[in-house]
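Next up: a single chain in structure tokens, the form predicted on its own.
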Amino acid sequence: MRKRFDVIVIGGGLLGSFSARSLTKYRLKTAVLEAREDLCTGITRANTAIVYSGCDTKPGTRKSRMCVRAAQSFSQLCEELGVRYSACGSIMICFGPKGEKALRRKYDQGLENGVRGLKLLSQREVLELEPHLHPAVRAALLAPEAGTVIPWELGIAAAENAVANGAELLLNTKVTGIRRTENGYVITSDDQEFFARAVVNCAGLSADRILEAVQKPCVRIFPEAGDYYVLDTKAGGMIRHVIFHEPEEKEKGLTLVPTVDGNILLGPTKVSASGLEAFAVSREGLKELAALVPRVIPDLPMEHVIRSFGAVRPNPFRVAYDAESGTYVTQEESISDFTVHESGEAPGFLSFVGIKTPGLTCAAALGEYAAERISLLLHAEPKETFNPMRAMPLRLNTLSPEEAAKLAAENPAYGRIVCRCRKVTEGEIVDSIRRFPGAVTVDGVKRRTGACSGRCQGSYCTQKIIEIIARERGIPPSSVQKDGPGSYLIGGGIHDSL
């Protein structure tokens, strides 16, 4: 049978989760179709984690308006969703006259955009705020309304809130076909069919292909890759703000991020991605990052690097049909503003194609925009019962010793530490599996609890997490995957009796 909805959201990353959440504010039957076994496994899982203030965006654009408004209300959003947020602010630094000129331009641009609290800092002032910076630092731009958040924590929270407000989440449901009908769209996924009066396309790196299923090509994504280092919490006190390095030459500067968990994130590099699944690091990129560090923060202890990872980001270009070659030709410059595509060719089909930085910052605002457009199209009334609140999952490391002891007495699983680095208990892992949408892989547990993300990177706790997932899901340990199809951690045979 064909399942019918008012709206279908394609993609369960940050944009899809926030679009679904905003759509549940209206009397609309909403579903999210996600190809993978879990949420936030694509662009969202490899991200610089910065909430931008709005200094870097062109005045008068949708991106600027959304970014500034989002940054000024981000702590409230995180409070609603029970998500940790660090309002640490950002400092953009420079080491020469070209960089100083760029800082002044961004200061003026930020003021025009309505960014609050901006201040140009002298060498003495910036070194007072960040004493570990290279003493040759020349000037800086302080933006106190910037911050950091854990991207997948935010996306999963938004999805949980959407489900609590009535959205239906369908995992392992890859879109294989779309066709337009007189009053909506039929979407196929293997042997399933769905009907929707409207569609919100949040398919990330595949959003251009989803759009081309219903209309002629107009925007195409050419992915870019980037490399990152993560430093242990031992190095966490070296910086207090997000630090952007504005280079003098035509090169990519270094960004340093004090994460919510107390680590330092370094990166990213910028290279062309060879494919949609290119989440691997490059030797050249990591060398490039390591070479930049002494120029920005000389005594940063790189011996405390605990991992590196690769990211893939969308880079959209407009395309036009070339009659001579019979192909679609890409324009020379990529699109800098948010690409939110609505067309008369495909009414009721709204596409977020190649949403670049600050996409994380503006995810909730973009979701609101999609919901407002769709509700107008479908003449949907607001839903009085919408509840924006989602309780933060219990975390042992936020409790006092007395509270932790009381909890462990009530439920002994909360007294058994599984991840020593992050002090994550068996009770927290069980909760991450049992809640909906819950973890079904080791990395799913990691995204929800922080287990495996500390100093040992899962060396101590992975086996125990596999056992807990197997027990809770009623499957053999050999069937437990790290992160998606084919990523089995254990072979068959005797390992099934772990």
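So that there is no doubt, residue numbering starts at 1 and follows the sequence shown. A quick note: this is a predicted structure, and the numbers were derived from the prediction, not measured.
Keep in mind the form predicted together with a small molecule is missing from the figure; the text below concerns it.
Engineer: Can you tell me if L360 lies within 4.5 angstroms of the small molecule in the predicted complex, counting non-hydrogen atoms only?
Structural biologist: Within the cut-off, so yes.
Engineer: Classify R36 as contacting or not contacting the small molecule in the predicted complex by the rule of any non-hydrogen atom within 4.5 angstroms, answering yes or no.
Structural biologist: Result yes; R36 sits at the interface with the small molecule in the predicted complex.
Engineer: Taking heavy atoms and a 4.5 Å cut-off, does A162 contact the small molecule in the predicted complex?
Structural biologist: Taking the distances in the predicted complex, the answer for A162 is no, it never comes within 4.5 Å of the small molecule.
Engineer: In the predicted complex, does V199 come within 4.5 Å of the small molecule, counting heavy atoms only?
Structural biologist: No, V199 is distant from the partner.
Engineer: Please state whether all three residues I150, L231 and M392 have a non-hydrogen atom within 4.5 angstroms of the small molecule in the predicted complex.
Structural biologist: Looking in the predicted complex, the three residues I150, L231 and M392 all stay beyond 4.5 Å of the small molecule (heavy atoms).
Engineer: Could you spot which one of I210, L407, C78, L121 gets a heavy atom to within 4.5 Å of the small molecule in the predicted complex?
Structural biologist: Contact residue from the list: I210.
Engineer: Please tell me which of P314, G155, G367, P258 lies within 4.5 Å of the small molecule in the predicted complex, judged by heavy atoms.
Structural biologist: Only one option qualifies, and that one is P314.
Engineer: Among 341-349, 126-134, 89-97, 306-314, which stretch sits within 4.5 Å of the small molecule in the predicted complex, heavy atoms only?
Structural biologist: That would be stretch 306-314.
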